[in-house]
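Presented as structure tokens, the chain that follows is alone, the form predicted alone.
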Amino acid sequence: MNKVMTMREAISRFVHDGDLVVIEGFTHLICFAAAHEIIRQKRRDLTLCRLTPDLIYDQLIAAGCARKLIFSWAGNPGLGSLHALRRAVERAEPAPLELEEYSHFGLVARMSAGAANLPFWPLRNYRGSDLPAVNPQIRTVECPYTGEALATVPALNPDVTIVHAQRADASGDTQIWGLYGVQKEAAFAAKRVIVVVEEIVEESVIRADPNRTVFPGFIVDAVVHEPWGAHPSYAQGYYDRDNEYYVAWDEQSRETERLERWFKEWVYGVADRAEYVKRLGSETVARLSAKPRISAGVNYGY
């Protein structure tokens, strides 16, 4: 079944007002293109969930898309605060934002429970932490084998998970290489899955290297071909992280008026990702484009 569609169509069909939305990818493969389309389509009252909600969720919060943030560690990596997130929490601008915080592994455990169709996940890593005192979702159970008190977190089942990847076939069989995050758990836990890829390849390419397949087509609802869709994060083998963008965001996002000008230029002022990449310019594209480092193949024969 061919699931290829445009980003505009995928967001229109599968992301709705009030949804719990996960856009995963840890430093690597963070799908900013999907976030920008969500902003263009003016989705509202979203519950956003993500490990390390950095610039991508700062932009969604600044655009007024979010009602709640479920997260573990929030910040602009290496720079400091997320200024739009701070304004939403401290001054309710542009809207109030409810927070629900976990440790990194606490949030991984929530998605793992959702993916495994379990009601909760036990863990030890809240000993000595203040988080259970401010998050009533973190509870305890007695281990039926040892009698030990264990922390628990409830399963998380997103309405929609959006992941970026290097390549997929038209039916949604999707491959990733390089740094992994929690994309697999987030996708298997979700009701709907959108994969966004740098390349669409023939099924024979996927079948020739099956161990790289992270998302089987049967859990995928939409396949979007969006080269450079993860910029300013990086896509191994395609382009590097745009560190200058992350540094610039710190000043760009400090004032609402300056941020509104940025949205007009880079989100509302471009029709799609292709126009965004054209606006980036050939010099930036050349600076970030990956140089080839080809991995040797393996023998799957028997």
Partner chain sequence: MRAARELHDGDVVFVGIGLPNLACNLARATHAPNLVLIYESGAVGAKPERLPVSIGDPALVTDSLGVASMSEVFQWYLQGGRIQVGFLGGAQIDRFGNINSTVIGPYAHPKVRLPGSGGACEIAIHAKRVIVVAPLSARTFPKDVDFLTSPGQVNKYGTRRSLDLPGGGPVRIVTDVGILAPSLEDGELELVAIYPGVKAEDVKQKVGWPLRVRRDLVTVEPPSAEELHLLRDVLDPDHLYL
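In this text the structure is predicted, and so the values were computed from the model without any measurement. Positions refer to the first chain, counted from 1.
Omitted here: the form predicted in complex with its partner chain. The next part is about that form.
Although the partner is absent here, residue 129 sits close enough that one of its heavy atoms falls within 4.5 Å of its partner chain in the predicted bound form. Taking non-hydrogen atoms only, residue 263 never approaches its partner chain to within 4.5 angstroms in the predicted bound form.
The closest heavy atom approach of residue 169 to its partner chain in the predicted bound form falls outside 4.5 Å. Mapping the unseen interface onto this chain, residue 240 counts among the residues with a heavy atom inside 4.5 Å of its partner chain in the predicted bound form. With the partner omitted here, the stretch from 200 to 208, 186 to 194, 104 to 112, 220 to 228 that lies within 4.5 Å of its partner chain by heavy atoms in the predicted bound form is 104 to 112.
Relative to its partner chain in the predicted bound form, residues 48, 95 and 120 are all farther than 4.5 Å at every heavy atom.
Out of the listed residues 165, 160, 182, 88, 182 is the one that sits within 4.5 Å of its partner chain in the predicted bound form by at least one heavy atom.
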